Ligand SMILES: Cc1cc2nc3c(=O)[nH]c(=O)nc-3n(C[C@H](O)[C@H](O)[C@H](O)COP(=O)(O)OP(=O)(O)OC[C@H]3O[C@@H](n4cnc5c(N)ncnc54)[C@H](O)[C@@H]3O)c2cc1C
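In structure tokens, the next block holds one chain alone, the form predicted alone.
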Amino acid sequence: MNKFAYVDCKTVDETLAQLGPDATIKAGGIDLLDLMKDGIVAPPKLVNIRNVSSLRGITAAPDGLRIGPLSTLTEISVHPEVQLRYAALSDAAGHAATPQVRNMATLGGNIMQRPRCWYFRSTDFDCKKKGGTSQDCHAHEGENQYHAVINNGTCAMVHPSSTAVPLLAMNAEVELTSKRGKRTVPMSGFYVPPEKSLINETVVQPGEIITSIFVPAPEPGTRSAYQKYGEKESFDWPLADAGVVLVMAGQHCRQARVVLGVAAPTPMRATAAEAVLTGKTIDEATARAAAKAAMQEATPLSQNGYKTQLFQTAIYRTVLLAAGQMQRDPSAIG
């Protein structure tokens, strides 16, 4: 690990004053320290925001839920209002990683995680995401069993954030603050796909920090669920996960949002699945049809074709879970 300066901040203004081209923000530091130890990043200065109290807290109001980016995954998962009205977010936060990690990992850090790809995370490969000279994605012809099955033509990485999946499904917004002021970005525009930029993974600009995440209040009749599947039944990186938000009138679905996590380089809405569900009675046949529709545009690589079937299972079971027609799958992980 490289030598670096360490600055501890207590306020947002102190943090903004420390930001510059040589500074990297550290909150829980779960992903960042892994990248530093592996030699993937070498920031000259770490700006610790762990003690900025104004970035903590979960506030439920009639218009929605406001979450400080330093709120831990554990705090989010056990919050009564989140469990009651934003179940998919509670599930995603509560089934990420291990209890020890959830006690440290923050919501801001979770949605800002770097992608999962062993070619990117290894110093042995000149991945072009790291400024390497390779013109092709190593995963296209290499070991790709855990990589993307959709939108994987430019880069086959996957984004590992569990909480980004329900936040996108719930139309959440991210507040960014800099010395210039504040701006709000919808989760639908927060991530930058590789075909637009291989270097920038989010729209967060130098000198900006996340100061709040806002989740609008759900419409009456809204139900939601999240499930993830992996190789181990306990904690594991997901091979497939799905977040589903349904606005129901009895068994009839008035509106549906289905989001997939590790199917593509960024969390993505499965609009084809949403079209199948919207205006229909939710039952096993409809849920299976939606799951099949979601994978119609999949382009699996040489070793990850199994993920298309696994995603269909995740979507099917999570739709029925959200509709109240199935219990949480005991084979889901976390």
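Throughout, we count residues from 1 along the sequence that is shown. Computed from a prediction, not measured in an experiment: that's the story for all the values here.
Heads up, the form predicted in complex with the ligand isn't pictured, but that's what we're talking about next.
**Q** Any idea which of 248-256, 134-142, 80-88, 202-210 reaches within 4.5 Å of the ligand in the predicted complex, heavy atoms considered?
**A** It is the stretch 202-210.
**Q** Considering Leu320, Ile25, Leu310, Cys9, which brings a non-hydrogen atom within 4.5 Å of the ligand in the predicted complex?
**A** That would be Ile25.
**Q** Under a 4.5 angstroms heavy atom criterion, identify the one residue in Trp237, Trp118, Phe125, Phe214 near the ligand in the predicted complex.
**A** Only one listed residue qualifies here, and that residue is Trp237.
**Q** Is there any non-hydrogen atom of Ala291 lying within 4.5 Å of the ligand in the predicted complex?
**A** Heavy-atom contact with the ligand at 4.5 Å: absent for Ala291.
**Q** Whether Leu32 contacts the ligand in the predicted complex should be assessed with a 4.5 Å heavy atom distance threshold; does it?
**A** Taking the distances in the predicted complex, the answer for Leu32 is yes, it comes within 4.5 Å of the ligand.
**Q** Taking any heavy atom pair closer than or equal to 4.5 Å as contact, tell me whether Val185 reaches the ligand in the predicted complex.
**A** Outside the cut-off, so no.
**Q** Hey, in the predicted complex, does Lys228 get a heavy atom within 4.5 angstroms of the ligand?
**A** Output for Lys228 is yes: heavy atoms within 4.5 Å of the ligand.
**Q** Can you list, in sequence order, the residues from 44-79 that come within 4.5 Å of the ligand in the predicted complex, counting heavy atoms only?
**A** Result: Ile49, Pro69, Leu73.
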